[in-house]
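Presented as structure tokens, the chain that follows is alone, the form predicted alone.
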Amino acid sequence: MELFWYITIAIVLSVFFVLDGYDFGTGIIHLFLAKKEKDKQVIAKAAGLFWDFNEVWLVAGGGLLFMAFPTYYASVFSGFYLPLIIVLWLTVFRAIGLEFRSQFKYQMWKDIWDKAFGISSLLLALFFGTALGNIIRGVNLGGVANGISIYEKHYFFLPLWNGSFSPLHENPGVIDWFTLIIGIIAVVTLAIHGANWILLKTNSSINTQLKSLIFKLNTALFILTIFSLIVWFIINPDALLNYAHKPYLIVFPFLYLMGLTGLFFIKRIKKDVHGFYLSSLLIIGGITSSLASMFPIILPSTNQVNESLTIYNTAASEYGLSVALGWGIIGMILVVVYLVVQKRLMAGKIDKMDYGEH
């Protein structure tokens, strides 16, 4: 039962990063490339018409995590308290940036909320990437110092960063040179994804530039991916041991490689939806490859005193997991129906759709 809920939560969070990921990426493109007012309106609309539904998947993922792995939920939500509060405020500013920009016609008003939308989208992508980096790297569970746990064995606390800025420090921070690399990879990946979404859903004047931009960003992503693998081996020499023991897991890095390779041919792709599928593969492959390399661990311990958190030592009781199964299936059906209905209503280009313009 633990494995079922682990896979379910992984799917839900992957869907969130595919769907809300293009909102983040759209905001990044909006921040750096949208210069004309007409482009700013339509690109903001490409995110604004969808963001509130897309974040339902994050709420669903958090709810399922609380239900299935309460110890893990308690651990990460206390240990990552400060960055989670920052993410919450960034999410608020991204939303009000989208909703407020069209309420008045004053240019300074629009500029303020355009920046709020773009900068918050960029920082959200960066913080979610560094969060993945922290989960891959591990944390000092129990707050061990001199061989003694300061907290209970599944708790920890991380500052935003420490003086060494090193992932190899006994008490690493949320941001160090390794997690920052993963954060930058997330920003580049989601910028590619957002560019593909803009191509798919709009007729903005910057569409002609976006395929060239995607190619350049994909080249940078290829270099960053190789570099991140090298530094990952420095931090954890056994990083890919799971793939040696379970060769079938190679399907997940293969998904990432398919997306990465396919995007090098973005200029030859005729149907914009194919580019979107390729960047979706990047996101799904990247997340699942990271999880597969750690399984069944879901939060590594960087000390030898307290064991890592796994899907087995953090799960709810078997009875609780089984009772939740029926309600979980009903909830997922409702969310999927909501997704299908929304996508049908919002099919095609959205340039002429209304989004509260006055």
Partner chain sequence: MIFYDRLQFAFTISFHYIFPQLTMGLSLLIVYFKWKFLRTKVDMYNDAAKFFMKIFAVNFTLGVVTGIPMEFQFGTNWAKFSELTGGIIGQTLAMEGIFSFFLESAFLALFIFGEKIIGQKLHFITGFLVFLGSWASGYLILATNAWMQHPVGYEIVENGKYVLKNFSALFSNPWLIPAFLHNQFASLVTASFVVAGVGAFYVLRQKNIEHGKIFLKTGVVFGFISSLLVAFPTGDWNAKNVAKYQPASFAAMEGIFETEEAGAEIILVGQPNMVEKKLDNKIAVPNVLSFLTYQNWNAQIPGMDQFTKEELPDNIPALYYSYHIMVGLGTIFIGLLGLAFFFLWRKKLFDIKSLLWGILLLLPFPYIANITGWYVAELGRQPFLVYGLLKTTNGISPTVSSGNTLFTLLGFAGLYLLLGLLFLLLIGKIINDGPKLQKQ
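Numbering follows the first chain given and starts at 1. Please read all numbers here as calculations on a predicted model, not as lab measurements.
Note that the form predicted together with its partner chain isn't included here; everything after this is about it.
Peer 1: Okay, which stretch from 146-154, 214-222, 194-202, 119-127 lines its partner chain in the predicted bound form, with non-hydrogen atoms inside 4.5 Å?
Peer 2: Of the options given, it is 146-154.
Peer 1: Taking its partner chain as it sits in the predicted bound form, is residue 99 in contact with it (heavy atom to heavy atom, 4.5 Å or less)?
Peer 2: Yes, residue 99 sits close enough to its partner chain in the predicted bound form that at least one of its heavy atoms falls within 4.5 Å.
Peer 1: Heavy atoms within 4.5 Å of its partner chain in the predicted bound form: does residue 45 have any?
Peer 2: Yes, contact at 4.5 Å.
Peer 1: If we define contact as a non-hydrogen atom of the residue within 4.5 angstroms of the partner, is residue 66 a contact of its partner chain in the predicted bound form?
Peer 2: Residue-level check for residue 66: yes, a contact with its partner chain.
Peer 1: Can any non-hydrogen atom of residue 317 be found within 4.5 angstroms of its partner chain in the predicted bound form?
Peer 2: Taking the distances in the predicted bound form, the answer for residue 317 is yes, it comes within 4.5 Å of its partner chain.
Peer 1: From the list 264, 227, 89, 177, which entry has a heavy atom within 4.5 Å of its partner chain in the predicted bound form?
Peer 2: Checking each option against its partner chain in the predicted bound form, the one that comes within 4.5 Å is 89.
Peer 1: Considering only 30-51, what residues come within 4.5 Å of its partner chain in the predicted bound form, judged by heavy atoms?
Peer 2: Sequence-ordered list: 45, 49, 50, 51.
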